[in-house]
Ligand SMILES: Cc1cc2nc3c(=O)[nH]c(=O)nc-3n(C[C@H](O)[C@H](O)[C@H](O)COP(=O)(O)O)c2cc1C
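Listed next as structure tokens is one chain, alone, in the form predicted on its own.
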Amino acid sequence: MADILVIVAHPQIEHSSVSARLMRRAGRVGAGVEVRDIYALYPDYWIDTAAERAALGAARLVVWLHPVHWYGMPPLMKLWLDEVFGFGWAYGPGGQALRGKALWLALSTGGSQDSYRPGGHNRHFFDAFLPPYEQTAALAGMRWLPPLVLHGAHRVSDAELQAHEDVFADRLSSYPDWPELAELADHSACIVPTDERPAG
């Protein structure tokens, strides 16, 4: 089992300009990295929860690699999250399985960086769309790491994409020796009351 688990979620990876390259590069980083392309693994959307939890259990760093769809994650990624991050396993009473692990997003957007600002057509800075991800990490007791984002994925030059890919690979190969991690909190605990969910 690997120290770093990369969960790739791209509905049409064959048409990807970013995710496919990063996925291939992650696969070449070394034995400590496991790459799971969930659209290839689960084309019928029947997720093997036990297998996914086993992979997560072995990892220190969990990476979610996907394009941003409608300001969030692709549909199978959302289903994966619903199925795998279960109450009593990832959060809530007894839900300690992910506590202390780190979550890192490697995202790409179709919109340019300028479109993510007041006055741009996305109206907000990109960070405004990240709270659901960050809160998911907090609820599971995971350490939230600053995301790696490539904007305007359909229009970047090959040199820009190569530089982005190199940063991604360097981060995977050097984890946890990232200079900025010394300034980050380990994780914030969100205590879910035992009566939050009905019994049974």
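Residue numbers run from 1 along the displayed sequence. This is a predicted model, so every value here is computed, not measured.
There is another form of the same protein, the form predicted in complex with the named molecule; it is not shown, and what comes next is about it.
With the partner removed from view, the residue among Ala59, Ala153, Val35, Ala140 that has a non-hydrogen atom within 4.5 Å of the named molecule in the predicted bound form turns out to be Ala153. No residue of the trio Phe87, Thr136 and Thr194 has any heavy atom within 4.5 Å of the named molecule in the predicted bound form.
For Tyr116, a non-hydrogen atom is located within 4.5 Å of the named molecule in the predicted bound form, even though that partner is not displayed. Remark: Tyr71 counts among the residues lining the named molecule in the predicted bound form, judged by a heavy atom distance of 4.5 Å or less.
Taking the partner from the other structure, the named molecule in the predicted bound form has no heavy atom within 4.5 Å of any heavy atom of Met23. In the predicted bound form, at least one heavy atom of Gly111 sits within 4.5 Å of a heavy atom of the named molecule. Heavy atoms within 4.5 Å of the named molecule in the predicted bound form are found in one stretch of 170-178, 140-148, 63-71, 38-46, which is 63-71.
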